[in-house]
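Each of two forms of one protein chain follows alone as structure tokens, named structure 1 and structure 2.
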Structure 1
């Protein structure tokens, strides 16, 4: 394998392979860019079938973090770590301590946090070895803790801006189909309902959908039917790659705006949405509320009001993307990537 010609290698500054014999740690830590500040991004634990696949994931996810942090106007670059292993079977406190020493060895060029397969408790172990970690348990009154409700707030404000841009109206009476009612989807439904939206919801776990029906009067549909609901807005808040060549022709929404990461299966799907007349809110721009919360936690001395004010900038950013996409006849996904790269270049030059 020629590392520097891999399709997902994008001029990454540094890629570190970490191994610890005593604990069995096998980790890959990718720093895409520190142009705007130390590279920040979570640590994923996954039973990758091969180290090639772990490397590809680390390269792709770390670039995504550069774009996400740049567009959220955070003074952070982009990085990501992956630990190869089954999160249900191979976790030990010592493993995360060894990972903490690996993070510490980079002297602050990379800041870690929890991600898929890792938890606040794991990060507490990391924090015994390094201060370059965020997403720790907080006592009440401190900024931090579960980022889900903050992500939901940003997505809600983003949906409002997208509906205003595409349909020229408020959310009163607008149909919103929400896929996934977990840590983000459920608080998002509360905000949407309070603003007058009509909710149609689905979750792979039927009891979560029933809870939202009972609490907010939402209509529940089977999980496999949610994407093609007759609703002005589709909010994917479950899995990635839901927007693909099979699903896009079946969509009936005029706006797609939700929390899920990597909603487009391929770059070409952004073009397909544009051709279908559907306004797409780029996922890493609309779902930045959580990372904004994590950034404020990391820097310390912040307040809930400051976090909220930073999240309230998400709709302005989205509207700027929508306007430029319309002017230049480009997909919003392409425009968001262009804007993120412009910010990274400006950071490098500055």
Structure 2
């Protein structure tokens, strides 16, 4: 395997492979860019079928973090870590301590936090070995902790902006199909329901879908059927690459706006969505609430009001992308990438 010729290698500054025999740690840490500051991005734990797939995920996610942090106007670059393993079976405190030593070895070039498969408790173990970590447990009134609810808030505000732009209406009575009901999808459903949306939900873990049904009156459908539900909005909140040449022709939504990273399997899929008349809210713009929370926690001296004010800028950024895409007859994904690269180039020049 030639790392430098992989399709998802995008001039990454550094890719580190970490292994600790005693704990079984197998990790890949990708730093895409430090043009705007130290690379920041969460640590994902997943049972990847192969190390090649784990590497691809790390490369794609770290590039997405560069764009996300640039568009959120944070003084962070982009990085991501993945740990290969089943988060339900292979977690130990020692494993995350070993990961913390790996992060520490980079001397602050990368700042980690929780992501899919990892938790605040895991980051507490990481923090025993390095100070370059955020998303830690906080007492009442302090900024920080689990970034999931803040990601959900940003996605909720972004969905409202997308529905207003595409459909010219509020969320009252709008059907939203939510794929994935974990640490972001479930709080997102609460916000949507409180604003009058009609929920259709699915998760590979049936008990999570049943919980949302019982709590919020959502309609539950099988996980494999959620993408093709009749709903004005599709909100992918699970893993990436769900929008592809097979799924896009089956979509019945007019807006795609969700929390999952790397929702487009290929760049061409953004064009396919535009041709289908579907408004796409670029994932790394709409789901930036979590990293905004992490950034405020890491730098310290902030408040919940300041975090919320920063998250409330997400709808403005999305609307600017939608308007430029309409003017230039380009996919919103292309416009967002252009804007993010412009900010990264400005950072390098500065």
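Being a predicted model, the structure only gives us computed values, none of them experimental. So that the term is clear: the rigid core is the largest set of C-alpha atoms that superpose within 1.5 Å between two forms. Numbering follows the first chain given and starts at 1.
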### Query
Of structures 1 and 2, which is the form predicted on its own?
2
### Task
Superpose the two forms on their rigid core, then report whether the C-alpha of residue 263 is displaced by 2 angstroms or more between structures 1 and 2.
no
### Message
So, superposing on the core, is the move of residue 21 at the CA at least 2 angstroms between structures 1 and 2?
### Response
yes
### Query
Is residue 50 one of the residues whose C-alpha moves 2 Å or more between structures 1 and 2 after the core fit?
yes
### Task
Could the core-superposed CA displacement of residue 106 between structures 1 and 2 be given in angstrom, to one decimal?
5.2
